[in-house]
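Just one chain is shown here, as structure tokens, and it is the form predicted on its own.
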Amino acid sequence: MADYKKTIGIEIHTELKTKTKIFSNSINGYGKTANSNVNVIDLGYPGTLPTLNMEVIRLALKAALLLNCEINKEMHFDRKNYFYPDNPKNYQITQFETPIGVNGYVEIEVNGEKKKIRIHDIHIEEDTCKSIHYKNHSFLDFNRAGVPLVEIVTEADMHSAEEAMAYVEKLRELFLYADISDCKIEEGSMRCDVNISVSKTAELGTRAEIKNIGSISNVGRAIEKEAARQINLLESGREVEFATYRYDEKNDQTIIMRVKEAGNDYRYFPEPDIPYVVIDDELIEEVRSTIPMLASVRREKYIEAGISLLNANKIIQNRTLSNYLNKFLDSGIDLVIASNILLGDISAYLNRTDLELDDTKLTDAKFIDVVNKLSSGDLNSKVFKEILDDVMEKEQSLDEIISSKGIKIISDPTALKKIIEEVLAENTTSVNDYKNGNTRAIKYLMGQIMKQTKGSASPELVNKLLEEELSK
């Protein structure tokens, strides 16, 4: 079974972050009452005419630039003709002959190795309405009808579940940071279809398509399960059928939905009700200038500043925190400490109070003061936890908050050294234990010193001075 090679291509539909739909003025919003964000255009009433939302073109162009695509400067929309209940017009407006971007790529990294995944094309289309099936009934919610999408189609360049997951994560990261989409896979704003085949030779095997996989981790699981299913068929002398599957997360298996027909005839032809769209160099450069610092660049800057890869990735996963930290990249503060308190105490406060950073009284100046005092030892983590609510909720400066609480921070090495000497003199047994190789004894001594200072000393400074005394 190990001789089989997996070949994987991925199609991703991503909803664009516009206020209104692609061809109507209905609101583009998730989670609203069924069929409340609709009008006659979305419902496909005869005689209605689409009006192109140009913000869709701008966002799709931004996506194409991020994917390093060649831009089609003159393009038109096409009608894709098919009959299905979620498509009352009996055609979908999409791009077939002139997708907005072609021949692009994204770079992924798996196990320390970088690889380019080629993008065949990225094209714009309208979403269909949502079908809800319950017992013997089917219901249609037209809130999704006409929501703008881009579909990104790769070449079959991936050969493992790890590569496929890295690709989907990279695309999600790119679009999220460029504010193209909210990329919420669980809400359907980013939907992933995987095509996979297995073969022992250079000739590709018969592929299967796995539709609408609901998470990045499930992309990997679905690929492994479908590859194993195909291999078992081939090993038993049977053939793999060209079909569409879904991934059943509960039972961890791929389940057939329908057998595919080769060469569906959608009778594509140019959409007669929408004029050709011309994209000039000025628009391309204008859109390119709106692309913010991307996650890959942020990650490099954070790691260069000494932040661990783990914490860098955690910060990047929260764009609000990342944008906040970026304000201090050139401020000269200790970014390691800054990232630690953002991910730790400050995030805990925001989660507990259900607030955003902009809703608090944490000014840039106050944040810098907190980080600098933690760095110098004029503030320690224990005291910071005690005053955190005041820092986040009051207009007072950090010094005023500390003073109002009657807190005195001991950061004078001479004063601390005297306390340490007293504690060591009173705990000779623990001192001897440490010198005889029991390294855990230092934790007890640290505790006694912090107790003596009522937690007002810098643990880092105490630890440094304690080790110096014990080494004598």
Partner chain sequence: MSKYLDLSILEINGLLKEKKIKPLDLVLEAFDRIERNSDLNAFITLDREQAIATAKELEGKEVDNLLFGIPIAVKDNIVTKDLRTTCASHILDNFIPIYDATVVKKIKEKNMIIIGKTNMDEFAMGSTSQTSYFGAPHNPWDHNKVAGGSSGGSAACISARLVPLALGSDTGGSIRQPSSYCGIVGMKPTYGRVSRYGLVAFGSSLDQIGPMTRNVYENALLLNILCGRDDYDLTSSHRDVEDFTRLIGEDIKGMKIAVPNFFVSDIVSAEVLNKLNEVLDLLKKNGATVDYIDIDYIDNAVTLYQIIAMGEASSNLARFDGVRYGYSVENPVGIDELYSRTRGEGFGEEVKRRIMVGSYLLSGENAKTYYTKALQIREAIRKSFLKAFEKYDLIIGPNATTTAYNLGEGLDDPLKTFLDDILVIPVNMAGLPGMNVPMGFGKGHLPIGLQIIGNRFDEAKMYKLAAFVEKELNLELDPREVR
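Positions refer to the first chain, counted from 1. What you are looking at is a predicted structure, and each value in this text was computed from that prediction instead of being measured.
The next section is about a form of this same protein that is not shown, the form predicted together with the partner chain.
J.: Within 4.5 Å of the partner chain in the model of the complex, do we find a heavy atom from each of 25, 84 and 265?
T.: Yes, the whole trio is in contact, each within 4.5 Å by some heavy atom.
J.: The chain here is shown without the partner chain. Which stretch in 87-95, 244-252, 193-201, 226-234 comes within 4.5 angstroms of it in the model of the complex, by heavy atom distance?
T.: Correct option: 87-95.
J.: Taking the partner chain as it sits in the model of the complex, is residue 214 near enough to touch it, meaning that at least one heavy atom pair lies within 4.5 angstroms?
T.: Residue 214: no contact with the partner chain in the model of the complex.
J.: Residue 140 versus the partner chain, in the model of the complex: is there a non-hydrogen atom within 4.5 Å?
T.: Contact check for residue 140: yes, within 4.5 Å of the partner chain in the model of the complex.
J.: Give a yes/no on whether residue 425 approaches the partner chain to within 4.5 Å in the model of the complex, heavy atoms considered.
T.: No, residue 425 stays farther than 4.5 Å from the partner chain in the model of the complex.
J.: In the model of the complex, is there a heavy atom of the partner chain that lies within 4.5 Å of any heavy atom of residue 437, even though the partner is absent here?
T.: Looking in the model of the complex, residue contacts with the partner chain do not include residue 437, since no heavy atom lies within 4.5 Å.
J.: Which of 441, 43, 65, 56 has a heavy atom within 4.5 Å of the partner chain in the model of the complex?
T.: Selected residue: 43.
J.: Consider the chain as shown here, without its partner, and state which of 155, 273, 169, 109 has a heavy atom within 4.5 Å of the partner chain in the model of the complex.
T.: Flagged contact: 273.
J.: Where, within 41-65, is there a heavy atom within 4.5 Å of the partner chain in the model of the complex? Residue list please.
T.: Counting only heavy atoms within 4.5 Å of the partner chain in the model of the complex, the contacting residues of 41-65 are 41, 43, 44, 45, 46, 47, 48, 49, 50, 51, 52.
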